[in-house]
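In the block that follows, a single chain appears as structure tokens, in the form predicted alone.
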Amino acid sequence: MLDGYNRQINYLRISLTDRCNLRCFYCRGVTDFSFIDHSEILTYEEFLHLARLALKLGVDRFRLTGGEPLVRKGAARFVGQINSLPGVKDVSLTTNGILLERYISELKEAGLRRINISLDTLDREKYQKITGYNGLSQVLTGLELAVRTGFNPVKVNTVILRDFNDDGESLSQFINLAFKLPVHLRFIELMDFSPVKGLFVSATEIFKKLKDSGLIREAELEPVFVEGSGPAAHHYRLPGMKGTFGFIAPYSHHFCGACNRLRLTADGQLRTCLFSTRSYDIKAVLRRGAGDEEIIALLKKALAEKPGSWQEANGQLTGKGLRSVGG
């Protein structure tokens, strides 16, 4: 399935819910409780219907997200259902890890192999300050259990926040984690639609801090491919490191030219670009009883109109594509 820029689109992110059991201040804001009404959230049957149609168009990789996907009842069972659809090549999950210990066995039995854990700090006090919950030990237990259970790769997604986790000690804790466990760290730039401003740190700045603090030496870096990583991620390994570390830099190092994904929100809105405010109301078409051909036509229309770059999505000039973080 090709879009209007001849990019092969084979990846669909499905948000199972907008609910979350954490209150990260940079995400929704601690006082924002404006959740979607349950009646407006797609049922698992509706998600499966749309996944089957996406498979017909060439999408064969699915990532389940939220909110926090594991707070939705039956999420582990749904992993097995979507994994069993003919033609599916990969199903992965992004979680904050709080409920991972509870559901790890079910997820494994459902055929899940890869998992991403969102974790912004390894300091207990900072974790509570960021998330509003004293749950770091639960996340670390889930992380270590995922490794022991055989999930591979296990990725750790860390949003870098200025004056919270961009200091030498915080970065050192994460680098040491990749020496201790075969996990893949990804330092991620904060998205602009965060309700809190002034926290952005570029991947280039983090790379420089890692070098200046002596945590890495550029000459020793080994570029590494990590299974399931999209065009956004660049991973490296240091001598003796069991895992890897890397960067996802949607702002400072654009990867639009290699974008391969679509996003489906919990309330059935299809988005072709993370930076675009435009969406396509798949739920409305689905719930009025439209046939598969009409839904597929809407999917194709969305693909044809997928912007070529985040600048185009925002009405700006087309960008220059992807560069390496260290380059």
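The shown structure was predicted, so the numbers you read here are calculated from the model rather than taken from an experiment. Note that residue numbering follows the sequence shown and begins at 1.
We do not show the form predicted in complex with S-adenosylmethionine (SAM), though everything after this point is about it.
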Can you tell me whether Ser118 touches S-adenosylmethionine (SAM)? I mean in the predicted complex, with a 4.5 angstroms heavy atom cut-off.
yes
Is Glu68 close enough to S-adenosylmethionine (SAM) in the predicted complex to count, meaning some heavy atom within 4.5 Å?
yes
Can you work out whether Thr204 and S-adenosylmethionine (SAM) are in contact in the predicted complex, taking contact to mean some heavy atom pair no more than 4.5 Å apart?
no
Can any non-hydrogen atom of Leu190 be found within 4.5 angstroms of S-adenosylmethionine (SAM) in the predicted complex?
yes
Of Asn165, Asn96, Thr131, Thr244, which one comes within 4.5 Å of S-adenosylmethionine (SAM) in the predicted complex, counting heavy atoms only?
Asn96
What is the one choice in Ser170, Gln138, Ser92, Ser194 with a heavy atom within 4.5 Å of S-adenosylmethionine (SAM) in the predicted complex?
Ser194
I need the one stretch from 279 to 287, 58 to 66, 37 to 45, 292 to 300 whose residues put non-hydrogen atoms within 4.5 angstroms of S-adenosylmethionine (SAM) in the predicted complex.
58 to 66
Scan 70 to 93 and note down the residues that get a heavy atom within 4.5 Å of S-adenosylmethionine (SAM) in the predicted complex; none is a fine answer too.
none
